[in-house]
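One chain comes next, on its own, written as structure tokens: the form predicted alone.
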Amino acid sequence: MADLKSISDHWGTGDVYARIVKAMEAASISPATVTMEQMAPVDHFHARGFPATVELADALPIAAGDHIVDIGCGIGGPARYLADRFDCRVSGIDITESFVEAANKLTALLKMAGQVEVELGDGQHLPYGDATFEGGYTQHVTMNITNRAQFFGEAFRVLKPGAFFALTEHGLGPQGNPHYPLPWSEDGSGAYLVTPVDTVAYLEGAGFVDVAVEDTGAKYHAGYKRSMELAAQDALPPFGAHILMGQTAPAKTKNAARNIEEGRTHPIQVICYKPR
């Protein structure tokens, strides 16, 4: 549990919602009238942000009325986007209490409480019944997962037969030993990267089939480089994901790009299915 707490604390402590509202107001965005489009720069707190969520959503077979699970949902942006785009319901779970609180407050602010609900919990021990969901996904969460077999096994358990499961992650590259700090760890503690080949093996070991892997390294490298250029020009917007990354945000971004360049990390997107 101590390890889970340290990982949780790495991602967010204090009043995250208040921090977001303060940045919102600094960007002349009114909390009373804020839209999902205005929230997008902060809402998708994972590598490449909103564009990565849209690309993943484009590949998912979600139908209106489906019930989807978001494992490691952060402040809930992807869950709200999918719920709005596909007219579905999304249940999110995250280990970071300040993120869960912010997620539910932002969901209420955007008047989406009927479609999206977020709760505190561990993806390695999901609080849902067997065969509950028509689909599930996890975005840039697995780098902090100590037990991949347990994590993927739990995802498999709560999905209905024929359901999809999708993930994005920074896998371990052939050169290994990434440079830190990185978005998911300041110094390597709480980081558990595995190679894409190992990720596929864990998924298949859990029972998933038709595992399709897309190499997304070039896209992520370009995204990190763009952020670095904006930071160098002092042109980062007042309302962006960097407000949640802390003072080491520039170093994290620089190392994230460098690790891809040097083959120390290998970003991928994976979509697979539970057999019918």
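Residues carry their position along the shown sequence, with the first being 1. Just so it is clear, the model here is predicted, and its values are computed rather than measured.
What comes next is about the form predicted together with a small molecule, which is not displayed.
Of the residues given (Asp122, Glu101, Glu186, Glu154), Asp122 alone sits with a heavy atom within 4.5 Å of the small molecule in the predicted complex. Residue-level contacts in the predicted complex: of Ser91, Asn144, Thr107, Thr199, one residue has a heavy atom within 4.5 Å of the small molecule, and it is Asn144.
Judged against the small molecule in the predicted complex with a 4.5 angstroms heavy atom cut-off, the residues Ala131, Leu203 and Ala206 are out of contact without exception. None of the heavy atoms of Tyr224 is located within 4.5 Å of the small molecule in the predicted complex. When contacts are judged by a 4.5 Å heavy atom cut-off, Pro78 counts as touching the small molecule in the predicted complex. A residue is said to contact a partner when one of its heavy atoms sits within 4.5 Å of a partner heavy atom; Gly74 meets this definition for the small molecule in the predicted complex.
The small molecule in the predicted complex comes within 4.5 Å of no heavy atom belonging to Tyr220. In plain terms, the part of the chain that comes close to the small molecule in the predicted complex, with a heavy atom within 4.5 Å, is 91 to 99 out of 91 to 99, 157 to 165, 109 to 117, 174 to 182.
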